[in-house]
Ligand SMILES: NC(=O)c1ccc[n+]([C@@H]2O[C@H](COP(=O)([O-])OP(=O)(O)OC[C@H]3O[C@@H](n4cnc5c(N)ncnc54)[C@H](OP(=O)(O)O)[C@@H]3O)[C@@H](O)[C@H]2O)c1
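Quick heads-up: it's one chain on its own, the form predicted alone, in structure tokens.
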Amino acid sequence: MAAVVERFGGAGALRVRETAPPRPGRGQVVVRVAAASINPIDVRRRAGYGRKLFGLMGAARLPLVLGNDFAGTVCAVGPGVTAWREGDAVFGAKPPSRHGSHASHVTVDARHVLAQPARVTPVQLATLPYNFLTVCRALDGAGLTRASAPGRQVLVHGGSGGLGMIAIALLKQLGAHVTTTAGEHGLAACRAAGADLVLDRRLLPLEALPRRFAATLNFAHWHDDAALVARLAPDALGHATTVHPLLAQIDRYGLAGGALAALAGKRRGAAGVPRGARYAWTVFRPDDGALDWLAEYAVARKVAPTLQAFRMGEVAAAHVHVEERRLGRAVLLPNNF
């Protein structure tokens, strides 16, 4: 069974369909999915966002099953897999695909799978991998590492979202001093995540902040990118954004034209950073080192997101929940109709 996008459009484009049980190929496992998060990228992909670039990866052809995150139980093991057995409780995230995790069963490369830690529920685990791995790439893109981050001033724009909350926690773990912006309803959550200074973005414009930050991270709005870059200190490490227009420009202008437009925009952004600092546009991609860190984080994290669970038959309502930015991370329970 799977939540299938039969045409690009609104939440009404989703249909729950019976699907054939998948079989694992070499190096793969099949996971019976207990929980899978619905992220903003899923809602946007359902409407057709990114389909030109994802199409090159075979990840936009209809009918389409969305979803990257999953938590569940291994039910089949492919040739060459020795790390996992049937019955193992696992979680993880798979790269963009037309056979995603919003299904009763998902086929995943064994290297993208982690063991579920004790005392953390599958529903909680399902909210982590996609966002965590994306944040890790953003930190790396901005030059923030275990060696460079301690004692540094870092500005996180959009701290109360799924990416921002993880970024705050990781930066504090690395020993950075974290300033974050948030809306009215996210201020307390940012403080609970460990931010040293939380700013209400309705009351204080970015332009009012000093140029003192070693790194800036944009998880909120592309139109704020230039203002964030302008907050970097002369000896800054760098800036990274996850809200860049790459996919939108390729959708609008085609692969060649969109890539050129994106490259020009990226060069303009990079021209604003101090000499020697990095400037990165971040996209999701699994990474072995980040997966190891994810396993540590899943056990140690002290701040859990507010959750809203949906049965498979409520998948359209779950998409509306995400679209309207309602309180609570949306988690789909694919084997509960």
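Residue indices: 1-based, along the sequence shown. Note that the coordinates shown come from a computational prediction; the quantities given were computed from them, not determined experimentally.
This protein has a second form, the form predicted together with the named molecule, left out of what is shown; the following refers to that one.
**Student:** Even though the named molecule is not shown here, does R51 get within 4.5 Å of it in the predicted bound form, heavy atoms only?
**Tutor:** So R51 does not count as contacting the named molecule.
**Student:** So in the predicted bound form, does L174 come within 4.5 Å of the named molecule, heavy atom to heavy atom?
**Tutor:** No, no contact at 4.5 Å.
**Student:** I'd like to know whether R23 contacts the named molecule in the predicted bound form, with contact meaning heavy atoms within 4.5 angstroms.
**Tutor:** Contact check for R23: no, nothing within 4.5 Å of the named molecule in the predicted bound form.
**Student:** Would V283 show up as a contact with the named molecule in the predicted bound form if we use heavy atoms at 4.5 Å?
**Tutor:** Close contact exists here: in the predicted bound form, V283 approaches the named molecule to within 4.5 Å, heavy atoms only.
**Student:** Using heavy atoms and a 4.5 Å cut-off, decide whether R201, D224 and T242 all contact the named molecule in the predicted bound form.
**Tutor:** Looking in the predicted bound form, the three residues R201, D224 and T242 all sit within 4.5 Å of the named molecule (heavy atoms).
**Student:** Counting only heavy atoms and a 4.5 Å cutoff, which of 100-108, 74-82, 125-133, 232-240 contacts the named molecule in the predicted bound form?
**Tutor:** Among the candidates, contact is made by 125-133.
**Student:** Answer with one of Q249, T179, Q116, S160: the residue that has a non-hydrogen atom within 4.5 Å of the named molecule in the predicted bound form.
**Tutor:** Looking at Q249, T179, Q116, S160 one by one, just S160 meets the 4.5 Å heavy-atom criterion.
**Student:** Heavy atom within 4.5 Å of the named molecule in the predicted bound form: which of R311, R278, R44, R32?
**Tutor:** None of the other options qualify; the answer is R44.
**Student:** Which residues in 316-330 have a heavy atom within 4.5 Å of the named molecule in the predicted bound form?
**Tutor:** Contacts from 316-330: R325, R329.
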